[in-house]
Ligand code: DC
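Next up: just one chain, as structure tokens, the form predicted on its own.
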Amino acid sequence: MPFVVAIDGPSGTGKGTVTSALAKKLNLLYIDTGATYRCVTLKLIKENINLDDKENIEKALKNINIEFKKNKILLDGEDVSLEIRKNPVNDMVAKVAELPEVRHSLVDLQRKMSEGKNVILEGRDIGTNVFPNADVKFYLDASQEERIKRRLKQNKEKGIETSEEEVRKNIKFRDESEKTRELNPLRQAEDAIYVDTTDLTIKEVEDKLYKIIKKKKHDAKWIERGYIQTKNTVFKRIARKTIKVFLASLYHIVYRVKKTGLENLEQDDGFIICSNHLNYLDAAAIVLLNKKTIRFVAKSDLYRIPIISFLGHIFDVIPIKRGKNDLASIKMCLKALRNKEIIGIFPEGTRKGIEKNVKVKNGAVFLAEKANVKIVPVGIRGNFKPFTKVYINYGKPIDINKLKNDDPNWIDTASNKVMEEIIMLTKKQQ
């Protein structure tokens, strides 16, 4: 699987220098997205295209050729590495970057450049728009005064003559326009790691990010293994049975488990078990205390822990990257269901989601409709303290096709109905 690092932040925070260094150190392809906008700006200037001339801007975008080669940036075959850092590009780039046709075109270009590769990108909306599913995201920031000093020093090193007044004016203008523009404004992604570089040297920032990325890359390798289902060998079957018997016995000793509605699991086809999620041990109760083989869907991060990774492979746990459109996980689920297997999903998406009043996830209903299988709701009740009772109530199978209608939001409505049934089962007396 490709590995993507996204670094966002305003101008002058050291993004370019740090990203370039990290790319070499971690063997990642470096894509300077800011340079792509500067290249478009330079092309419009050279071809004397007005920013109101949408037709000719779109023509220019179709014919543009931007390449990154070693330390050079090529625009239509010409090295423009220095030219794109000078005026009038500096004065126009923020306005050009606001144009919807430019942003849409360059986002597509940046994704195409990154396709199937291990990349590191820096810009203004990488983690929020270009790669919202990036493996690791950073938001670099610094005081405005510090950023002005850095940009002056950087320009001097590159032989670009600019006054402090020009740099100050440019940075202030870009900050305002980038943070207030309607289309994909500059902002920190919710899952991005914030780094204030004001009092840090470039080397200190580089080292800080390097350690985080290195660990993420290591974790990503373990997680990637979770998407490869191991063969059902004799060793695996024996190991699964032995572990299941041992842990089930231990479970019965620690908790006084009472199950009802087991007849609802007697189906010839594959189906989905949907349960409320109280504790990290409730999935174990469903998997271990049933004769049938049940494969649960769990967050992919669990596979980065070696012992959990081992158990995940033994019990064929299906990983999923939460909050992301995980196509690999969806394919694994659909394949299992079409092979008449049983998979388990927590519609809450997190522990005690009912209490937190989280929005019900619609993945289970989506998969049930695609694979044409039923959903068995399960209500679990208990505090999971040692030697207390845990109640597991299996409800009647729900035929999703009967909930389907012409409403474009029918999947969300059906998911809420499934959750209502689960809640009812948690309250049912046994």
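Computed from a predicted model, the values in this text were never measured in an experiment. Counting begins at 1, following the sequence as shown.
Quick note: we don't show the form predicted together with ligand DC, though the next part is all about it.
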Of 345-353, 213-221, 171-179, 244-252, the segment with heavy atoms within 4.5 Å of ligand DC in the predicted bound form is residues 171-179
- Task: Would you please decide whether Ala97 lies within 4.5 angstroms of ligand DC in the predicted bound form, comparing each non-hydrogen atom pair?
- Result: yes
(request) Tell me, yes or no, whether Ala134 is in contact with ligand DC in the predicted bound form, where a contact means a heavy atom of each within 4.5 Å. (result) no
| query | Should Ile320 be classed as touching ligand DC in the predicted bound form when contacts are defined as heavy atoms within 4.5 Å? | reply | no
Inset, instruction - State yes or no: in the predicted bound form, is some non-hydrogen atom of Cys274 no more than 4.5 angstroms from a non-hydrogen atom of ligand DC? - result: no
query = Check Thr33, Arg85 and Arg103: does every one of them have a heavy atom within 4.5 Å of ligand DC in the predicted bound form?
reply = yes
Note: exactly one of Met332, Val93, Leu278, Ala283 sits with a heavy atom within 4.5 Å of ligand DC in the predicted bound form, namely Val93
Restricting to 43-70, the residues within 4.5 Å of ligand DC in the predicted bound form through any heavy atom are none
